[in-house]
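Starting off, we have a lone chain in the form predicted on its own, written out as structure tokens.
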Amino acid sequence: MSAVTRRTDVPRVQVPSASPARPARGPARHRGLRVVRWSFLTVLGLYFLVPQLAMARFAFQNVPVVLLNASTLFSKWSVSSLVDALSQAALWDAAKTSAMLAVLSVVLDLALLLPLAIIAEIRAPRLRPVLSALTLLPWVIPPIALVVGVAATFRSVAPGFLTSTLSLVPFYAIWAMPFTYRALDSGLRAINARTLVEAARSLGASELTVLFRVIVPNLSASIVAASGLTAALVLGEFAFASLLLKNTLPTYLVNYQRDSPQAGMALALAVMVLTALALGAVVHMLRRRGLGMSTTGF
């Protein structure tokens, strides 16, 4: 008996070869975005820094303008122009006036916007976009149109209003509303004001107790931030004071620079640096408290 061997053909299954691994695009993409971002920030920084360096050379270097080149970069630097500018009595009078206007504008803005922001956050959230849009309206109207319209109205109703330096306070308060409201609104969202109010009411606190012992203490950082932004705007605002013929710090700087260009430039640069440091301190405080600016209503 012969053994018969049967051969069975088994079909071969071809396993597809693994394709070569492609390099991940994520790190390269993030690297490219980082390069673009830092390039943009570098160009932006140079755009602001180069004019400031030119101002510093003109203000603090006792070299004729025609001789300001690379060879005279480190020669004859002096702060005598700034000392001369700070020795003027009229400067301190204008600074006192601007400081008084800044304090009054901060008080008026907080008195108007703090209750509205609290009501919009706790009782009527639908009012938040409306308030955001309304506080942006002053930036739509040009200062000259606002001043002319108000002057035409009050010249016959209250003639003595526009002659007083305090007439600038309502204009400054209106002009600073976008900054003040957004700082307060961000603070209310960060502290979760609605939950705090409900907890205080459940413990039997009255409305005044909730306002002055719960909400306002937790909003201290936002109130300081709003006050700093408003004060910085008031100390640098020129259009309203110039149109109403008031002697404030910005108008004094412009007039003083016409008579003493070098000292006036040194003083303007010093004020600019101090204002930038103050705003930087406000922004740093906001970030430490975890606050951000809301753009609702744009």
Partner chain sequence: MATIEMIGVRKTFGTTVALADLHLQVESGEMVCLLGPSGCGKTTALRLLAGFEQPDAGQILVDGEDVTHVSPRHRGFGMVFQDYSLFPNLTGRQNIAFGLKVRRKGALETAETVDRLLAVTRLEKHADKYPHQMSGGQRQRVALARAIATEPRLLLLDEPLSALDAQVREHLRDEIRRLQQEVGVTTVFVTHDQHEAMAVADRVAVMRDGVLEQIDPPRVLYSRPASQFVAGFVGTVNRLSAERAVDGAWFVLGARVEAVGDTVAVPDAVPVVGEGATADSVPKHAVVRPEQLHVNRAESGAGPVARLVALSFLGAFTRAVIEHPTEGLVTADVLGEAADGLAVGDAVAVSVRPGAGAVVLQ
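Numbering follows the first chain given and starts at 1. Just so it is clear, the structure is predicted and the values come from calculations on it, not from any experiment.
One more form of this protein exists, namely the form predicted together with the partner chain; it is left out here, but the text below deals with it.
- Stretch 207-215 is the contacting one of 97-105, 171-179, 137-145, 207-215, since its residues have non-hydrogen atoms within 4.5 Å of the partner chain in the predicted complex.
- Shown alone here, residue 163 lies farther than 4.5 Å from the partner chain in the predicted complex, counting heavy atoms only.
- Though the partner is left out of this view, residue 153 does not reach within 4.5 Å of the partner chain in the predicted complex, counting heavy atoms only.
- Within 4.5 Å of some heavy atom of the partner chain in the predicted complex lies at least one heavy atom of residue 198.
- Proximity of residue 203 to the partner chain in the predicted complex falls within the 4.5 Å heavy atom cutoff.
- Taking a 4.5 Å heavy atom cutoff to the partner chain in the predicted complex, the contact residue among 87, 72, 192, 80 is 192.
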